[in-house]
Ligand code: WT7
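Take a look at this single chain, the form predicted alone, given in structure tokens.
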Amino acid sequence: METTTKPNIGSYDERVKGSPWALAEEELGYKPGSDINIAWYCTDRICNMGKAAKTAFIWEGMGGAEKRYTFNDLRLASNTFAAFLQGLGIKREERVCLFLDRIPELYLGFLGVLKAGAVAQPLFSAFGDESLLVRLENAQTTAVITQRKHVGKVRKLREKLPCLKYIIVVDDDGKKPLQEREVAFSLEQAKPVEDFKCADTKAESPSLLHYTSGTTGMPKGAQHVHYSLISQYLTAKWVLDLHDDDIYWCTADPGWVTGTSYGIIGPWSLGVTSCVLDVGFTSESWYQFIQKRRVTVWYSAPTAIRALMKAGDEAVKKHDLSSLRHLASVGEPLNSEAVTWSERVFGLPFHDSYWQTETGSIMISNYPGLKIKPGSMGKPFPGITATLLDLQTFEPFTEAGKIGLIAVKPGWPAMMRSYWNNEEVYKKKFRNGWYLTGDRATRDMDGYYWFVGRDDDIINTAGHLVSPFEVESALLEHPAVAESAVVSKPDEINMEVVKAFVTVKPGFIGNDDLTLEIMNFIRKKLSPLAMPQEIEYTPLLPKTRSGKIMRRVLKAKEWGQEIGDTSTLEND
């Protein structure tokens, strides 16, 4: 499966000497100060380049159901969505939530929200009541675009959300009457809007609001702007190496920033065909999809790659995957075994990449044509100034092999501009002129970065960040739980999973029945990913003398690490 396609990036060493953001602006035809709307650049601009009839989007659902869209179809659909939203009275910069499965309306509606000048707020359709409420309430969301199977969740929260004016149901069949504040919209039945004046958004106009977890406190909304397109376009071109004739598959849900930055914006701003598989994960379904769609560039997550490894080499051999040209991964560290495995079975290595919800685009990566060191995150993207900071002084250092905090010099186009209504916490992300990622790494003599771990208690399970605080808060709402502490636990496939330590109230017994009840309680309230995979009942939790639960003691035991100083423990 050798590829002869010349990498877009050319020479990495030459690119780091240039002015990549200026180059991206030039290629996109953007002049500083002029209008810039992500959706227009992903649709109208591509059509104006003579690619109106080119396939933009191939969607496959259950049972092999298929829908195809050209770039002109994207343009018309996003126009129609935008005109509908404006007709409802949705105003500039109001938040419009997309609470949908990975159906076409999620992707087309995302573009429509941006064309209307509103702010897109994508949320995972698997979110439970509490997770949904917290994010809609915090964002003061004006409208939720959803489907019949999920509208019940939104209805339950309606009275707690005074700012919510509209619940838009995209697949209403008319069999049951819609309720208060609900309105039906069918993209297939609506008259296509040929001409729509796209909102005249500027570089710093808000575009997306993506929620991310915090160690303490509830999730925070990372506010991005339309100028992020500059970073997303160029990183998709140079890291994902997207060429005009590629068939590209990003496996990420748009509820996660990868699913918007590189599942929508990156490929379509380059005029590249993108495909989506909206069925549950199995190695058979994934390999069959790559074979059927002749996927050439594949961007996935280490959790999925490890699951494919577990399925075995024979599963790969049953399919013709010779179309694959370039593989990349994101979301969590990619272990070296996965890189060597992919080289053996696909004839191609996975190129790991590192970035965050807050950064909006790839910060550190492995690149086509540049040597891969299996297990390494790679090198900073051209135009990105990254370093490691001393854990105590927050000063940069160059010493190879020393553990430090990954930091980036602010100013790249896709950097979040704030946390929604939380400027105080946003400011804490910066120190001594650097953006602090909250991740630790080492750097070798060749400038390659190697991930070490989080600098806080955030749990990275299958590439999704879970806040221990959020899970602990939900646990305390269960009538049997007196106290709780949540930590990560090692897991072969997901890297880490959620484990809860619980003390029960008098009259309750910590047994298997209670465990199942609590697990289901959290799953419905938060999400399946936040649900503890194990609950351990204990009469006491380790606390400081001031009463603070010491998660690090519990986590150290789970990971087989040194517990460290316990002199402040109340019950030491």
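Since the model is a prediction, treat every value here as computed from it, not as a measurement. For every residue, the number given is its place in the sequence shown, counted from 1.
Here the subject shifts to the form predicted in complex with the named molecule, a form of this protein not shown in this document.
Student: Which one of these stretches, 496 to 504, 271 to 279, 146 to 154, 327 to 335, sits within 4.5 Å of the named molecule in the predicted bound form when only heavy atoms are counted?
Tutor: Going through the listed ranges, the match is 327 to 335.
Student: Can Thr212 be called a contact residue for the named molecule in the predicted bound form at 4.5 Å between heavy atoms?
Tutor: Yes.
Student: Is Ser353 close enough to the named molecule in the predicted bound form to count, meaning some heavy atom within 4.5 Å?
Tutor: It does: once the named molecule is placed as it appears in the predicted bound form, Ser353 has a heavy atom within 4.5 Å of it.
Student: If you check in the predicted bound form, is His478 within 4.5 Å of the named molecule, heavy atoms only?
Tutor: Heavy-atom contact with the named molecule at 4.5 Å: absent for His478.
Student: Given that the partner is absent here, does Leu208 sit within 4.5 Å of the named molecule in the predicted bound form, heavy atoms only?
Tutor: So Leu208 does not count as contacting the named molecule.
Student: Looking at Ile168, Val257, Ala82, Ala120, which is the one with a non-hydrogen atom within 4.5 Å of the named molecule in the predicted bound form?
Tutor: Exactly one residue meets the criterion: Val257.
Student: Identify, from the list Thr142, Asn460, Thr201, Ser484, the residue with a heavy atom within 4.5 Å of the named molecule in the predicted bound form.
Tutor: Exactly one listed residue reaches within 4.5 Å, namely Asn460.
Student: In sequence order, which positions of 489 to 527 have a non-hydrogen atom within 4.5 Å of the named molecule in the predicted bound form?
Tutor: Residues within 4.5 Å: none in this stretch.
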